[in-house]
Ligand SMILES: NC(=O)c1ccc[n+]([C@@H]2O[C@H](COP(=O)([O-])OP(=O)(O)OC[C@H]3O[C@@H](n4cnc5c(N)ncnc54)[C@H](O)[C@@H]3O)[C@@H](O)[C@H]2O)c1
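Here we start with a single chain on its own, the form predicted on its own, put down as structure tokens.
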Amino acid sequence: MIEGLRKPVSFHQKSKVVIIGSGNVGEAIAYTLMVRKQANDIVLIDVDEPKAKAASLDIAHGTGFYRQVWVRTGTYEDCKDAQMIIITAGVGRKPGQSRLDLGSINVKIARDIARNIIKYNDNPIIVVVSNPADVVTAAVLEETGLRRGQVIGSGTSLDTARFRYFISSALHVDVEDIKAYVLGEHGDSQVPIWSNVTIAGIPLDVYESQTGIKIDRDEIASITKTSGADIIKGKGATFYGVSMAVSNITERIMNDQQGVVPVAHLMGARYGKWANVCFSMPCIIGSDGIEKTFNIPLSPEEEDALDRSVEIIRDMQNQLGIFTNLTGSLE
């Protein structure tokens, strides 16, 4: 096999990311990490080994244009010295199907993957992308027994990116100037937090009054929530947006950037009615995973909506037999 003829380059400091699942999402993530130079050893694992080998070789061919990165296939044994493991394996969402509809089968797949990971690495940082990301994250945490901050769901990081994109488009300003969050479920009950939206530090209400531009908040909230389903309807899957979201999380972890990102994780006891449920809140992420969770101010309407979102996820956790014990503290 040609892939096996070349040995990995010897790096002063090796950075290794393992991606489990080489479907559209896993392959797009591997390509994005390679292009953004976020690891020098990227390993793809899949039950469909020929597919994983073809994907890794296709990506590896592109490394010759600007920088050598080792992109290859592997086995679970490759998890043993990985700084970060990304789980994308599972059944994809079909048109008209919610993320929560996928719960039963993808939780079973994720539990099996988690058992295999922990055989070779008892202290990894795991990022869960497989849908429904919130309950799959809870299942992986339960199966591995890791600290809560070590198992991170991509959660509403992509929904937040979509939210910021649509706001910037409506206001005709650079998306980097938009600060906003979508919290709760990575799914239909997600909650756009309008009360905290700022444009270059200016509250949205103030910005609208000074520019005379009024945006349709209901429309933006709606297209933020449904755009994933619209993409699936048009092309069968979403993978570029989520690959950039996961790349952003990877950068925070691999470079210990202490960045604030809304991700799914098990909420601690200090969150009272929200405790013991996996959903997205803004977190500081660094080399140890989630280091701090922020309970940001919400309007009464937003808090009510987040309560409903949390209960939807809690019900799904219960239906799937996920009764996660708190195994660590973020506080």
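Bear in mind the structure is a predicted one, so any value in this text is a computation, not a measurement. Residues carry their position along the shown sequence, with the first being 1.
We do not show the form predicted together with this ligand, though everything after this point is about it.
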Quick one: find which of 300-308, 31-39, 274-282, 44-52 has residues within 4.5 Å of this ligand in the predicted complex by heavy atom distance.
44-52
Just one of Met254, Ile215, Ile109, Ala229 has a heavy atom within 4.5 angstroms of this ligand in the predicted complex, so which one?
Ile109
Any non-hydrogen atom of Ala133 within 4.5 angstroms of this ligand in the predicted complex
yes
Closest heavy atom of Tyr76 to this ligand in the predicted complex, within 4.5 Å or not?
yes
Partner contact for Ala237 in the predicted complex: this ligand, 4.5 angstroms, heavy atom:
yes
So in the predicted complex, is this ligand close enough to Val129 to count as touching (4.5 Å, heavy atoms)?
yes
Within 4.5 Å of this ligand in the predicted complex: residues from 17-31 (heavy atom criterion)
Ile20, Gly21, Ser22, Gly23, Asn24, Val25, Gly26
